[in-house]
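Below sits a lone chain in structure tokens, taken as the form predicted alone.
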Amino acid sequence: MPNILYAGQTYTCEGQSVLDCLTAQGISIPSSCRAGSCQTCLMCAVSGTLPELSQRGLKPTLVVQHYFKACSCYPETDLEVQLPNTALGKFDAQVVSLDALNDEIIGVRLRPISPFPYQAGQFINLYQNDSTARCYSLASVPSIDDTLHLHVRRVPNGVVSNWIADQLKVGDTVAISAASGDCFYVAGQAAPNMLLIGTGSGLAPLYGIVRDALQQGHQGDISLYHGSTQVSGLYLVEALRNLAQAHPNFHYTPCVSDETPPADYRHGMVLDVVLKDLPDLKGYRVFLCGNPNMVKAAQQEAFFAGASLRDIFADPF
């Protein structure tokens, strides 16, 4: 069985991931999704051979420095590992504002202390402390906004979201990771139509992507559908309607499934409404964010409706 050497101690890894092996020993390793998506559990291999899966999706600059995702690393040989240097990939940011967007979601604005490159729709990790972090998508657009915008849903018993809601204050300094993810707008000559579907705080990256595309002069139709069980679960409704009035190629549709909404909302599950309106998605670029079950179902339905797999971008959370 392979051994894991960490902080001068050796641990036997019995069919476990590096993350599970170390946390089972009571070692605090930052983690969040445990599915290889958020990169919160990023570690560095000092020696040994890393499985290909553990580095899949990482930037080439991280791969050549032997960084890997601990939750996806099932070692086949002995490994010596360490946490990244605390200064590597982390940035300090000041809390600029905390505003309620609806009863569950808080809008958090952060101003990085140093230059912070990102794409609208990517995500960052927000650290409560060295061993506790959660990933949040960026609703801001670099060419429009001078701060980073997060939409944080308060989760019952959620460690980080309740810390943000109850303890974080304007003026506080927090640590964030570099931006990651490939769910963002890329301008192209073809200028295809775009479909964006989100639920809950899944609106955050979509709001950034829409504004980024419009800012860059996207010519194709851009259709955004945002779903919730109740009207109170939606937010930024007026801002999105104003955006649609200002841009004829942008169409916004709020959807409510569990109550009869006002006349200017659509009734039904958001995916059902989309498929009724847009049964043919050939040539569309599709962005899906929010509830994992919705995202998974929408990936399949978008493909069956004609969208190419390479043009379907998903960010479930």
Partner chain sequence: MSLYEEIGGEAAVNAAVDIFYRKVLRDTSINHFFADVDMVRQAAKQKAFLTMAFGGPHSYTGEDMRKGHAHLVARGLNDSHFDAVMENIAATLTELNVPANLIAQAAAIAESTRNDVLGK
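So that the term is clear: the rigid core is the largest set of C-alpha atoms that superpose within 1.5 Å between two forms. Residue numbers count along the first chain shown, from 1. Remember, predicted model here, so these are calculated numbers, not experimental data.
Heads up, the form predicted in complex with its partner chain isn't pictured, but that's what we're talking about next.
Only one of 253, 257, 37, 249 comes within 4.5 Å of its partner chain in the predicted complex through a heavy atom, and that residue is 37. Of the candidates 44, 33, 278, 50, 33 is the one whose heavy atoms come within 4.5 Å of its partner chain in the predicted complex; the others do not. Residue 299 belongs to the set of residues with a heavy atom inside 4.5 Å of its partner chain in the predicted complex. Though the partner is left out of this view, residue 308 does reach within 4.5 Å of its partner chain in the predicted complex, counting heavy atoms only. The closest non-hydrogen atom of residue 267 lies beyond 4.5 Å of its partner chain in the predicted complex. Residue contact check for residue 11: none of its heavy atoms lie within 4.5 Å of its partner chain in the predicted complex. Core-superposed comparison between this form and the one not shown: the CA of residue 301 stays below a 2 Å shift. With a cut-off of 2 Å and the rigid core superposed, residue 261 has a Cα displacement that falls short of the cut-off between this form and the one not shown.
Core-superposed comparison between this form and the one not shown: CA of residue 52 displaced by 2 Å or more. Inter-residue distance, residue 39 to residue 169 (Cα): increased by at least 3 Å in the predicted complex versus the depicted form.
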